[in-house]
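Encoded as structure tokens, the following chain is the form predicted on its own, with no partner shown.
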């Protein structure tokens, strides 16, 4: 049985079949996105919980400054990457559009979501194989990366603009309305911090499920984001 490529992503494929799924811009974005999230997570943790001390005179050290710079630089990479990724959703193949929309009106998608939950809970004995993201992965990607990432970009630049002060583009676009919306700057810090931990948790689950599916579902998951091709093994 040959692999189908319809938008509902519901094809069960024959063993040994290989399908080109992820185009080069999507794969490049994926790895840059992962790297920027790791940098932001590590530096964000240090910003929230600064080192108790550094060696030598304080005037001779700029450690926290370098940490903040790395955080801001990674934030810019993440934000620009998201904009370019949104652009590619319009010009790329239909797999590139999955990240930005959920087929909530499709009853087959909901049925697949339940089936995937049963599979991950080890209730289902056999997995249903998808060419692109399975419904559960699709749901988590949408909430963690599309919605969560957008939230982090908005709140991050709102806090960045607060330090840059009036006249800076980030202050004009984000700080002036977003901080009053939350009430005060500390509230934005708190929500930014909590959602960041949510994204870190998502990354841990994402890595686990990719490895798990590569083994149990007998299909290439990790290498598919390197070569762009997904192979369904016996």
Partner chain sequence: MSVETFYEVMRRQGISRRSFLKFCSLTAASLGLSPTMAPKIAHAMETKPRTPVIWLHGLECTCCSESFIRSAHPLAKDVVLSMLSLDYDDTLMAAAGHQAEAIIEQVKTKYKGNYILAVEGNPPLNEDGMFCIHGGRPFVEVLKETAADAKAIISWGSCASWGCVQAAKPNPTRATPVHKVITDKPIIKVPGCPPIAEVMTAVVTYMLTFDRIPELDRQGRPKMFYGQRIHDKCYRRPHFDAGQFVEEWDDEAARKGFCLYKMGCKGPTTYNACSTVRWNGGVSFPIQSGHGCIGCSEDGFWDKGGFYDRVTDIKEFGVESNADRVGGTVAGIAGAAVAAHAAVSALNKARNDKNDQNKGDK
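Positions refer to the first chain, counted from 1. Just so you know, these numbers come straight off a predicted model, no measurement behind them.
The same protein also exists as the form predicted in complex with the partner chain; that form is not shown, yet it is the one meant from here on.
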* To do: Mark residue 221 yes when one of its heavy atoms lies within 4.5 Å of a heavy atom of the partner chain in the predicted complex, and no otherwise.
  => no
* Asked: Hey, in the predicted complex, is residue 177 touching the partner chain, heavy atoms inside 4.5 Å?
  -> yes
* is_contact(residue 35, the partner chain) in the predicted complex, heavy atom dist at most 4.5 Å -> no
* To do: Using the partner position in the predicted complex, report whether residue 70 sits within 4.5 Å of the partner chain, counting heavy atoms only.
  => no
* **the partner chain: the contacting residue among 157, 78, 130, 120 in the predicted complex [heavy atom, 4.5 Å]** => 120
* Asked: So, 47, 189 and 212: all three within 4.5 Å of the partner chain in the predicted complex by heavy atoms, or not?
  -> yes
* Stretch 204-233 - residues with a heavy atom within 4.5 Å of the partner chain in the predicted complex -> 204, 205, 208, 212, 215, 216
